[in-house]
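Consider the single chain below, provided in structure tokens and representing the form predicted alone.
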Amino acid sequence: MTVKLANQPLNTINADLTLEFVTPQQLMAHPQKELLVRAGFKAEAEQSCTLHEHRLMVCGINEFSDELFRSAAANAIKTAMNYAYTSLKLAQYGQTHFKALIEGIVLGSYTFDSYKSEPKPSSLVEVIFSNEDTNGSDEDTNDLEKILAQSLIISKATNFVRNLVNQTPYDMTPQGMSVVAQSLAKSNSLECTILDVNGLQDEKMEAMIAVGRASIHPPRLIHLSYKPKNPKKVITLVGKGLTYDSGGLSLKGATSMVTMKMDKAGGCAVMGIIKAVSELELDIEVHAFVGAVENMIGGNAYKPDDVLRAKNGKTIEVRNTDAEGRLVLADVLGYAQEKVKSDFIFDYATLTGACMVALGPYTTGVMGHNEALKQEWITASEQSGEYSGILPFNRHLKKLIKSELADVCNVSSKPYGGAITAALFLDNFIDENMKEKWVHFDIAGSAYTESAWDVHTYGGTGAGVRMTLEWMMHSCK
């Protein structure tokens, strides 16, 4: 679907369908009030009504805010895609809301039908924004073009991540993720380094090797780099890329194994972020590291009671092989800090079901030592349209991952605060000089959905992409 801007009044744009957003108060003065009310339309949030004889779709919105415009636009475009119309037009609702409307349309229109034998494409192929505001004034076209270009890059990067997450474990193996990374590097002029098992052994990344040992698809460490001239900041991103997680010998239940293709969402997110950064041409040097691994069972699988030595030399007592993502991240974090001296390091992982228990299925858990930095991310999350919440560290929870055999245990001794104790485990693999510059994002709840909500359809959501780009564009000036 093409989204474009027309420098002309709305009524002169040739399109099959006009989209309007109306509050309950505005409904009372609407020219088609009688027909709309007769159809049961009350302008409630996300309620829509299409007057086909007038080629008009009206969508309810409680108030003019980015969050509600984004959600309403997504709902409207999903409805319009079910019609036979090929084009849709709409006016501006103030320049400040333009980005939210674009994101609602691009993200809301996302479909993933690669595995359908007979895909059913929508007839709707074009969305046209007028530069004319609903009050009849004209918005600055140059400013609108910049917002459109930026918003399309961010939205398409989010959909790029959704596509990767939605691919099956048969198709998207660790090697498959490497191929995607190499292709991305070529198309976006990025540097790309990939380590195979021999490379991981040379780097003494025993924990990551152990997790992937029982799979016929050997692990890969992916490092993508974007290096502009004279960058203002250097940022390291680390993503958990479990292309499939069976739980290992601590085998998951059958129902828990379904959707485990989403366990690579953190690795996919960092690739989507660096894709957008390079296309936005931000003055930030970005390094994206992905630990791509498959956690399976077999005679050579790693076991509960094993003790593994991580990249930074610390030893880990394994008490549950389903707590594998943190083992992979332990090594990748160590490798990333050794290879790149950065201003900040952020990791993204579908790490714990406990984060969903704490924050619900829509919200990313934000953890780290730097309170001011975490608050910056909460703000960036709100402004981008993602949801996040801070889960606090404390010294008593840290005691729960103490090991009598090794330096640290990979799971807590008590079934409480699981998202926080997982992050505190990762803290063991953050260098002392980076403690205040590190933030951990648990996207276990926010990265995948089995029911549509907001701008999201079934499957991967691209969690982390929009909020990270928002933070970068406003905090790395």
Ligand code: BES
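This one's a predicted model, so the numbers in the text were calculated from it and none came from an experiment. Note that residue numbering follows the sequence shown and begins at 1.
Missing here is the form predicted together with the ligand; even so, the following discussion is about that form.
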- Contact between L333 and the ligand in the model of the complex at 4.5 Å, heavy atoms? no
- Message: I'd like to know if R220 sits close to the ligand in the model of the complex, meaning any non-hydrogen atom pair within 4.5 angstroms.
- Response: no
- Answer yes if any heavy atom of D322 is within 4.5 Å of a heavy atom of the ligand in the model of the complex; otherwise answer no. yes
- Message: So in the model of the complex, is the ligand close enough to D245 to count as touching (4.5 Å, heavy atoms)?
- Response: yes
- Message: When the ligand is placed as it is in the model of the complex, are A207, M296 and K303 each within 4.5 Å of it, taking any non-hydrogen atom of the residue?
- Response: no
- Task: Select, from the options 347-355, 272-280, 156-164, 377-385, the stretch whose residues sit within 4.5 angstroms of the ligand in the model of the complex by heavy atom distance.
- Result: 347-355
- Single option in A72, L359, M172, M262 placed near the ligand in the model of the complex, where near means a heavy atom within 4.5 Å: M262
- Task: Could you check which residue among V411, A43, M57, I430 gets a heavy atom within 4.5 Å of the ligand in the model of the complex?
- Result: V411
- Quick one: name the residues from 433-455 with any non-hydrogen atom within 4.5 angstroms of the ligand in the model of the complex. A444
